[in-house]
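In structure tokens, one chain follows: the form predicted alone.
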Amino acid sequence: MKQLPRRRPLTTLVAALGLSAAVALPAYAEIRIGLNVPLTGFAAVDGKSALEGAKLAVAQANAAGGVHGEKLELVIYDDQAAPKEAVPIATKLVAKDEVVGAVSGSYSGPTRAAAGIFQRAKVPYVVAYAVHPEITLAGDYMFRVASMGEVQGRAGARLVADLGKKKVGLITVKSDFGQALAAGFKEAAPKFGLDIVGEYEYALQDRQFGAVVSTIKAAKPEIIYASGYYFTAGPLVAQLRAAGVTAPIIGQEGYDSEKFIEIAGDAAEGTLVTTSLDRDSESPATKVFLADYRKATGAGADMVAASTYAATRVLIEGLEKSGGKGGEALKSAIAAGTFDTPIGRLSFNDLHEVRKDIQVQVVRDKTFRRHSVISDPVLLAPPGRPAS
């Protein structure tokens, strides 16, 4: 890749949105890394968290002297959580902006769409929280710091068993995220003797769940495993509780937002969430991140912020190990590394999926608190690279 000019004035490529990548970043940049993130549209709250996490990681690196004395520039594009937006964005980041690496702070759809472009350009792409299995299958320049959807689904089945429940109502959002979680849950359910008493699906745009609530109530499950995002999970949980459904509800990373608690209100109390971020962790990396994020933004961090910060740190530490070089050198440095992050100590297998525990948080007194940790290296093992 062509060497970037030194001491080039910092520019932003999102002027049309009224945004500036220069906020909290240095006045000049010498190494560019890309970020696709949903800053407008239905996923904008998650996008804002992801952006703040990435900005914090870059600002901290630059305050510490950058990478081998060269400052970092975060080149930001709004992908609106839409695959059709992600393709031209990835193309611009590679061809026009000449980034040495990129981070996905977005959902599975746009991340899958962008992955092939970065792979063909040999630009390492570190994925923060998109869970679809096809992302890392795009090639060896892909890395994911989140547990893939099937792994999280298997963890959900283990949690049901750990809670001593058997009869499960399965509610699935029709998206890459929901389908991957459901596949993992159903794969593991027989191993724990779980009985799925009913399966129900809903569309991403749904906010009224009368039919689902009625059928769930009639099925009388002992526990409910319901995938969703904060903007669907909030109304769903509230309507289940309003209808008198008292069974425990297990959500996943999509619930991990203060917005979920705000939307669901008192109904959020007791909801269990399998996620990446433990707010009660004693890990220095987690405690420092939570404090620094609050200081920088005035708000508490969620899973999206922590995961995007972690993905950006993985890319930056890889650059430090590669001497600031991209391409093969950067890919190899990331693949061989071990990284202390707010979401755990991360290393990658040959498919560049992470091996890590699953955190279980519970909503208590309108905040997320530690419930338990699922630590099962066999159950939670991600797949390896398929034989060629």
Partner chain sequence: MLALELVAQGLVQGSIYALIALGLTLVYGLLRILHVAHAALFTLGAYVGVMVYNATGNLPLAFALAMVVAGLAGVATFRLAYQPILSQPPFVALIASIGLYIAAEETFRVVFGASGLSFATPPLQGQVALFGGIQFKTAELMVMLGTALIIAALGWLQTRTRVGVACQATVSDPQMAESFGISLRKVRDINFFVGSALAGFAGVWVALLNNLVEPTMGSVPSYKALAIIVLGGLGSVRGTLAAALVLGVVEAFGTIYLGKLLDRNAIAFAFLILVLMLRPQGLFATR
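In this text the structure is predicted, and so the values were computed from the model without any measurement. Positions refer to the first chain, counted from 1.
Keep in mind that the form predicted together with its partner chain is not shown, yet the notes after this line are about it.
- The partner is not drawn, yet in the predicted bound form one stretch among 38-46, 338-346, 60-68, 325-333 has residues with heavy atoms inside 4.5 Å of its partner chain: 38-46.
- Residue 183 falls outside the set of residues with a heavy atom inside 4.5 Å of its partner chain in the predicted bound form.
- Although the partner is absent from this view, residue 215 contacts its partner chain in the predicted bound form, with a non-hydrogen atom inside 4.5 angstroms.
- With a 4.5 Å cutoff on heavy atoms, residue 239 counts as touching its partner chain in the predicted bound form.
- Shown alone here, residue 293 lies farther than 4.5 Å from its partner chain in the predicted bound form, counting heavy atoms only.
- Interface residue among 210, 190, 298, 284 relative to its partner chain in the predicted bound form, by the heavy atom within 4.5 Å criterion: 210.
- The contact with its partner chain in the predicted bound form, taken as any heavy atom within 4.5 Å, belongs to 263 out of 194, 247, 272, 263.
- Applying a 4.5 Å heavy atom cutoff to its partner chain in the predicted bound form picks out 199, 200, 201, 203, 205 from 188-205, in order along the sequence.
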